[in-house]
Structure formats: C-alpha cells, structure tokens
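Just one chain is shown here, as structure tokens, and it is the form predicted alone.
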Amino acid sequence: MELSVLFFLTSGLFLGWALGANDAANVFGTAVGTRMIRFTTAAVVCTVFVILGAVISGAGTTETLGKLGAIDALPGSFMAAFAAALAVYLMTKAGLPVSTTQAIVGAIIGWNLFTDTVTDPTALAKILSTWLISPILAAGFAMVLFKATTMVLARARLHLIRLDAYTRLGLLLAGAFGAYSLGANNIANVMGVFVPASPFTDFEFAGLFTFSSTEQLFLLGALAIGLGVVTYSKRVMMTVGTGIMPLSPVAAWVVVMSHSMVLFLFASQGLESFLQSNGLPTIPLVPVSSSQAVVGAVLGIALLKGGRGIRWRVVGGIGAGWVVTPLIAGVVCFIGLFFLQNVFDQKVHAGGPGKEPLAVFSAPAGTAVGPDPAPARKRPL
C-alpha cells in the first residue's frame, strides 16, 4: 500500500482514537468513577471487546451511514473523518462525553453541501430520530433494571463482602458487553466513510474464510479506538462516573447495562433478521450516540429517585456539547474540502474537479472504489 493511502487513512485512525478516548467513558465510566474497577483493567477489557465487536458485528450500521452520503474519494473521506475527530477531540479535552455519531453525521453533511450531493432525507431522519429515542430508551431500561435489581438484592440479603464481589464482576461483564456493542455500533462512525473508497482487497485464508476489505478497515479503526481508551479516556470516565450525579455501584451496573442494550439493539443484524422472519417491526441499524444513551440511563435512575442530586449544570454542558459537535464537524469539513480541492488539487468527489482518485493512491486491480463497487478480487494469503 502506498504512503499516500496510509496518509488518507490517518484521519480515520485519529477519529478512532478520539472515539476511544471519549466513548470508553460510556462503557466503564460509572465503574471507574465509583472505584469498583481500576482504570487499567477497564481499559484492557474495553479494548479487547471493542475490537471483537467492530470486526464481527460492525457491518450493519455502516450501510445506513453510507446512505446519508457515499463519500467516494479517499481525500473526501480523509477530511470528513478528520473534521469529526477534531470536533470530538475538542469536546474530550473539555471533559465532555459527546456523540461521535453526531460528529460524523455533521461532517458527512458538510461533504454533501460542498459537493452538491443530495442528503438522503430518509437516512437522515432515521439517524436523527435515534438521537431522541436512544436516551429515552436507555432511561426506560435503567428504570426497569434498577427497580428489578434492588428488589432482587433486597430479597437475597447478601453479605456486604459478597455483594461487593458480585457487583464488581457484574460491572466487568456489563462493561465487556458494552464495549462489544460500542465496537459493533460505532465502528461505522470511524471507518464508514472509507468503505466506498476502500484501498484494501479481500484476503482468503486457506479456503476457510475471507477477511473482507471492510473487515480490514474495521480492524484498523478498532485498534485506534483501543489506543484512545488506553491513553486518554480517564478524564471523561470521571465526568460520566461522578459528574452528573453520585452513583452507587449497583446503579453504575444498571447504567452500563442499559446503555449497552440500546447500542446492541441498533447494531444487531441477527435481531433484525429474527424480527423480519416473524413479521414484526424491525429496529433500524443505525450508529447511535453512546453518550446520549449513558446520560439517558443516569437521568432515568435519577428521575426514579425523584430527581434529587442531578447536577443540571453538568447536564447542560453535556447537552451544549451535543449541539456544538456536529456544527464544528460540518464547518471544518466544508472548509477543509475547499483547501484540499483548490489548494492541494485533490479530488474530494468522484464527479468533481481535481486529481483522479486512482492517480492519488494507485489502487490495485480489483479494489472496490466508488459508491457502487464491483466485488473486490480475492487473493489467497
């Protein structure tokens, strides 16, 4: 692979790092904030399961994001991912858990505006609706789970030491499930814009299975997410874990489980197939905001307790970050595309001016390029 291709992919890696630095807080923030799990343990478990979720179950949400705007040239994908990553990084630096989903949607709309590409209203409406549905759904799950869990614990009358051990184990398992769901649902935010112009080809392993070009992109993005978790996520974890309201260890477990269930519901192709086969309404496969889900879960527990103890100032700051993030990403993407096309003579859209994408990265024969690619050539390992 040429150096130019690696350069264009760096913005996706930057976005993956930013997502790991910010959204890991939504998986383990409450556990670390309540000091039930050490940050190092949380970071390792989160990294492993994010990678598994991205590679195994990440394909579903990418299709919906691709319909919003099929960025069909690597320079355009580079700028969209960079704009989203910069917006998330700025919010992370401020200690706010923001939505990577909102950032990449803002960046894609910025690309659509610059290239005069029509934004698919159905895909946009589907994604925007989840920004409202996911926190409400998470709040509902949290209320039911918290009520059920406290009733079970009250009847069980566990010794304090045993309860503490069970809670730690529960938080660890819930965090692993949450990390898997995060990788499955949000990898589309990191590498989805690169799928139509993927520079990779499929690998066939001894005739046993095929490691597709999309899965290679997802693995690369998941590794970047893991790096973000390990290097820069602790501050945002503490904001989520203690900033909105003080949480007991049991409440922390409920928050992680509720958030994870929401992400899993919107990423599971298996669940969608099951509902379709039984003639039931399906849940859209959409990359939802893990930040909105976890904040919704925390507020659900707070409302169940009468709303006491909520730090509305922190909630207001988080809400402002959700509004500002897509705006920053969209504006940065639009301006960046202008410079890429007019100053650096790069083709940011297959139908626009600038260098031809093949002249930029010399894709190997058979590589899928463009919004409607032919099947990539397989080569045995």
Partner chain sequence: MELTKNISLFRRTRALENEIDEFLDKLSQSSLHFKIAVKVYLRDRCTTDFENKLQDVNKMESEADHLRRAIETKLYAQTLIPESRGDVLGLIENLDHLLNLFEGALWAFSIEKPEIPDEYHADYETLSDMAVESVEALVLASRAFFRNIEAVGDHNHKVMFYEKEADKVSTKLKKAIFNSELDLSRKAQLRNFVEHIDNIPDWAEDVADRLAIYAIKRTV
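For the two forms, the rigid core is made up of the largest set of C-alpha atoms that agree within 1.5 Å on superposition. Just so it is clear, the structure is predicted and the values come from calculations on it, not from any experiment. Residue numbers count along the first chain shown, from 1.
Below, we refer to the form predicted together with the partner chain, which is not included among the displayed structures.
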query: Okay, which stretch from 272-280, 227-235, 106-114, 163-171 lines the partner chain in the predicted complex, with non-hydrogen atoms inside 4.5 Å?
result: 163-171
- line: If we test each of Ile328, Val55, Leu65, Met36 for a heavy atom within 4.5 Å of the partner chain in the predicted complex, the one that passes is Met36
task: Find the only residue in Ser248, Thr201, Thr210, Thr119 having a heavy atom within 4.5 Å of the partner chain in the predicted complex.
output: Ser248
- request: Answer with yes or no whether Lys305 is in contact with the partner chain in the predicted complex, where contact means some heavy atom within 4.5 Å.
  value: yes
query: Given that the partner is absent here, does Leu158 sit within 4.5 Å of the partner chain in the predicted complex, heavy atoms only?
result: yes
Flag for Thr47, CA shift 2 Å or larger between this form and the one not shown after aligning core: no
message: Following rigid core alignment, is the displacement of the Gln341 C-alpha between this form and the one not shown equal to or greater than 2 angstroms?
response: no
